[in-house]
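First comes one chain, alone, set out as structure tokens in the form predicted alone.
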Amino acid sequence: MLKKVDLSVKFCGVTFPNPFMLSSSPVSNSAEMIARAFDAGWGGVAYKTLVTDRIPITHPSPRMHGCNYDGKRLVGLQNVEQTTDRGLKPNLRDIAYLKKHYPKHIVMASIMGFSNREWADLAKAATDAGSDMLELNFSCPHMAVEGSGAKVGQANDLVRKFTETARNVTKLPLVAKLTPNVTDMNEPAMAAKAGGADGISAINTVAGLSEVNLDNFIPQPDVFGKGSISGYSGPAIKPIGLRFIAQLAKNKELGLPLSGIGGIETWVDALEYILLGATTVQVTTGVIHYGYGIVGEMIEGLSDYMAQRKIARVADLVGKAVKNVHETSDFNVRRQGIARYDLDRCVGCGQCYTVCRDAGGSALDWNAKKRRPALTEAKCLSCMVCSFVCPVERLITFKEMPKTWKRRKTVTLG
């Protein structure tokens, strides 16, 4: 086993001590907060989005709503929070402070203008404050003003235009943060590249409605009697984030480094993004749920994983799974299988029997006396829904069948 692994990564030419970043959000709102995060072990930050002082920012109240499901708290987070409300000058001073006291940690300033001139002014101001990189926020779902936030990310010409504007006033690496509220993220990503972007970060929150109050019929969060379609984040959106990162990574024409965002709470979540092409990963809702200290477990878990497999550098893991992402038309459907049951470990709950009858191939009979399922192999669809509901880990697994095996395809009544 390796005694030491190298967690450092180079993203857009900038070296991070590790791939773990705070995303531009409530968890990166000030130097005081970010300093504590750096002390805890985070390698970098996307500083909460800067705007000019032309339009004062006042957040709705309340600004967030936690979504719980089946006894698990905060599987998702609905929020209507805006950009920073602290003013431009205090934030620029905080960026300068962080770079003075934490020179080895990376500060990527997120910016968002409401006009072409504002994009230029913000890019220059964040550069002069000492930022290492700039993240261009083309993705905030709460901006009601045309030509801002996700409304930019949904208009490829504006993505290119505002990227070019920032590129003309700074030599810092530019990372375009894109919205998932599009059909194909490769299109705005290519527009960002054409405008001079050095990297892509994705995803921002998914536009959604997480819950409706059944007493007053107001979607949450309830802002004095009004709800709104707004940004949804947390573990529930990780599959969407992984999808977009994989699609961007497979686009050879794009060829830009990626920063992965969406539903990351553990080192496993982070590693999945890395394997699908992300060089760095960004976290918000996981910190809101557990605090900055989760980075310690991420660092330890990823380090142990690498040491056990004798992988010296985390950079060697970036994109390792991309080649295994295919179109469904590429599947070899000549190879088939069935569910396999380890009945010695069965607890007799009967959930497999219920779901197989109601959502599968009706391939199970039930021995009520022994409280055990009996599989008719020719009926099994290999959908594996029985394994999803079984309370015993890996009691039900997949088994490939010989090429000569045939599945019964017809269901008749009577």
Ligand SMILES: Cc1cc2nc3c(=O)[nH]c(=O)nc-3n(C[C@H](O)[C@H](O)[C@H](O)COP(=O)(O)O)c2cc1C
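Throughout, we count residues from 1 along the sequence that is shown. Values in this document were obtained by computation on a predicted structure and should not be read as measured data.
Omitted here: the form predicted in complex with this ligand. The next part is about that form.
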Ok, Pro60, Gly66, Gly41, Pro26: which has a heavy atom sitting within 4.5 Å of this ligand in the model of the complex?
Pro26
If the cut-off is 4.5 angstroms on heavy atoms, which of these, Ala166, Ile237, Ala109, Met298, is the one near this ligand in the model of the complex?
Ile237
So which stretch, 320 to 328, 185 to 193, 221 to 229, 80 to 88, is the one near this ligand in the model of the complex (non-hydrogen atoms, 4.5 Å)?
80 to 88
Tell me, yes or no, whether Ile261 is in contact with this ligand in the model of the complex, where a contact means a heavy atom of each within 4.5 Å.
yes
Against this ligand in the model of the complex, would Val159 count as a contact residue? Criterion: heavy atoms within 4.5 Å.
no
Are any of the heavy atoms in Ala176 no more than 4.5 Å from a heavy atom of this ligand in the model of the complex?
no
Although this ligand is absent from this view, report whether Ile203 comes within 4.5 Å of it in the model of the complex, heavy atoms only.
yes
Those residues of 214 to 233 with a non-hydrogen atom no more than 4.5 Å from this ligand in the model of the complex are Ser233
